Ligand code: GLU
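As structure tokens, one chain now follows by itself in the form predicted on its own.
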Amino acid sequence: MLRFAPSPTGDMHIGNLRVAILNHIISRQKKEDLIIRIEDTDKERNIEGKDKEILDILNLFAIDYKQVILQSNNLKYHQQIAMQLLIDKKAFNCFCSDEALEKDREELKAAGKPYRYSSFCENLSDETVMNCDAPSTVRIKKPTHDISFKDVVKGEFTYKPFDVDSFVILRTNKTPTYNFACAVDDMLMNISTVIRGEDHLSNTPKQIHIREQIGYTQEIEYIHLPVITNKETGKKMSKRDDASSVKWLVSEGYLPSAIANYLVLLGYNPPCEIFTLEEAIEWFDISKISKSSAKFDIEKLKFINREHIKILDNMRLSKILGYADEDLGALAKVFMEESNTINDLKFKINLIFGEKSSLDGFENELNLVNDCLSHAPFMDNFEELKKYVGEKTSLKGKNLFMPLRFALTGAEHGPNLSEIYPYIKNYLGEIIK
């Protein structure tokens, strides 16, 4: 069993989507189920509707999953296991106030030392704990031995007990912290493989420690993906980068198939550059992902998006553009050399069917051409139409060609009218207004 575990605390970004896509690929390769676990235990940070938005995006990208689970529904199990750890003396109640902990943190910082819990409450007697009315968290005792694991991409890691520390597993309101809920749920769901970003590397020994203390011995295979960085700044893609938002990319006219193609490419050397997820399942080897960070290049995504638009069925492309005519899908492809996205193509097609303002320098000529076209008989061939308009208006050269192009396309420049005309000849009544 694999899991994709997003939090409903903001827009899905490309790093999340990359994790979801690779979980999808690996689950299919391993022939294991993929579940979606919405990690919603931090109620104060949850944003209403984001859980549905996450699922809508996964469906848009054809991520195949068996079921959706809300982490908050497992609260009783989190609390029961924390209680058992307390009974077994593997965890303890901590009554240290936020102010006291912050004071310790500042003192260690001033001394140039990393913060670690002082163990002040670790050895309190049962009687003292019973008689204390102050709010308390629950902390798991730090390990007594090194914790090691092998990451499929990053290699071997070893963490000392000092690195892991005695960390909080239940907050004062008795809800689980991220690491505790994650470790318990991975155990309850019998997760075999965890694929996530490398920013979670330091969480892995804590989660292993929790499961060891519970007595869960099944090993989990870990795969931590290198971060995606902004090509221009070299820094990790953040919410300030528009292109980090999946919603933004889709709204800008990037096809889900192209976005998925590009995210699989990041840090990987595939046998071909343009492919579908179904094709990637056949050859993708996650162990061969680069250990280095991957640079997000919007220009590369534009190229891949163009290629995916080109291979779309004409009727499918037409429907994406808001129509339902193979000719209009084929017409859109005529503009591909000067377009990168669906939005670019919509703009071109909308110019053709939209209201056309006066053409500077050719006002009278445009009126003559429009009037001629509005009364012209149907003509199958563009050269015939051009000859007909020229004869009827007595216009020649640029005085004919410029207003004719503008009347038919709404633009002063673009592909040859002889390429465009076969796909618009049946719509001249709608185009000439």
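Numbers for residues come from their place in the sequence shown, where the first is 1. The shown structure was predicted, so the numbers you read here are calculated from the model rather than taken from an experiment.
Heads up, the form predicted in complex with glutamic acid isn't pictured, but that's what we're talking about next.
Asker: If we take heavy atoms and a 4.5 Å cut-off, which stretch out of 175 to 183, 354 to 362, 269 to 277, 295 to 303 is in contact with glutamic acid in the predicted bound form?
Answerer: Careful reading of the contacts points to 175 to 183.
Asker: Run the contact test on R3, S7 and E39 with a 4.5 Å heavy atom cut-off to glutamic acid in the predicted bound form and return yes or no.
Answerer: Yes: R3, S7 and E39 each sit within 4.5 Å of glutamic acid in the predicted bound form.
Asker: Of these, K141, H308, K154, H200, which has a heavy atom no more than 4.5 Å from glutamic acid in the predicted bound form?
Answerer: Contact check passes for H200.
Asker: Would you check, heavy atoms only and a 4.5 Å threshold, whether R196 touches glutamic acid in the predicted bound form?
Answerer: R196 belongs to the contact set for glutamic acid.
Asker: My question is simply whether N16 lines the interface with glutamic acid in the predicted bound form - judged by any non-hydrogen atom within 4.5 Å.
Answerer: Yes - in the predicted bound form, heavy atoms of N16 and glutamic acid come within 4.5 Å of each other.
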